[in-house]
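Quick setup: one chain, the form predicted on its own, written in structure tokens, and binding and motion questions come after.
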């Protein structure tokens, strides 16, 4: 198997090329903070679903403006976190693995997303055996899948992805509960490059990331705690929370085009740009 490795230093400032993508999203029609399953959630603060919808709609329109296709899934009453479509599965080369959620509050999302994936004309859709929260903990970098564990996804799901998809899976241990999913601590910028917050990972996992991605963008804690790494890139444009100004500057220095959006209402539930976006890789 050929593994995608970082580009040599001479290519660091090569022109970035955008690739049209296909995304699945879910409107936050029923968004609320009615329970607390991560450190970001405070039931006493409440949430404004109308504001959440307006902010989410800006994100959807941003994708369309950048030339991407957006599929939708119907939001279900009683599932306030269904807006976080990234958790609904993993799609790689037209094959999908559904999600099985850790917390009882979110478990009904798994079958809902599985049915929607089955309707998208993919080569195969598989119901999972192990607990996994989709692209929350599985991030595709070229021909490699980085897989997070520590708070949500069972390590057995890492093997499940490798056996199902025939792709090399690298396990990474998350250690800071604020960054409970891999996509809150690491962003894929292109097939060779990532950005991440080192302190979110165990010492061994930091070593793995340093070996795989010596030219990675290292985010500050200030940018990480506004979920600046919960970003979506098409290889050139990086859509990220507008509050992550330092990270945006770092990306611009590397030749990417940061596109800031305000998803502050969804941040109340511990999610942002990437959490709202499941990529459909045909």
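If you're wondering where the values come from, they're calculated on a predicted model, not measured in any experiment. Residue numbers count along the first chain shown, from 1.
The following text describes the form predicted together with a small molecule, which does not appear among the structures shown.
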task = Answer with yes or no whether residue 86 is in contact with the small molecule in the model of the complex, where contact means some heavy atom within 4.5 Å.
result = yes
message = Can you tell me if residue 38 lies within 4.5 angstroms of the small molecule in the model of the complex, counting non-hydrogen atoms only?
response = yes
inquiry  = Please determine whether residue 153 contacts the small molecule in the model of the complex, using a 4.5 Å cut-off between heavy atoms.
reply    = no
request  = Tell me, yes or no, whether residue 136 is in contact with the small molecule in the model of the complex, where a contact means a heavy atom of each within 4.5 Å.
outcome  = yes
message = Heavy atoms within 4.5 Å of the small molecule in the model of the complex: which stretch in 55-63, 248-256, 38-46, 234-242 meets that?
response = 38-46
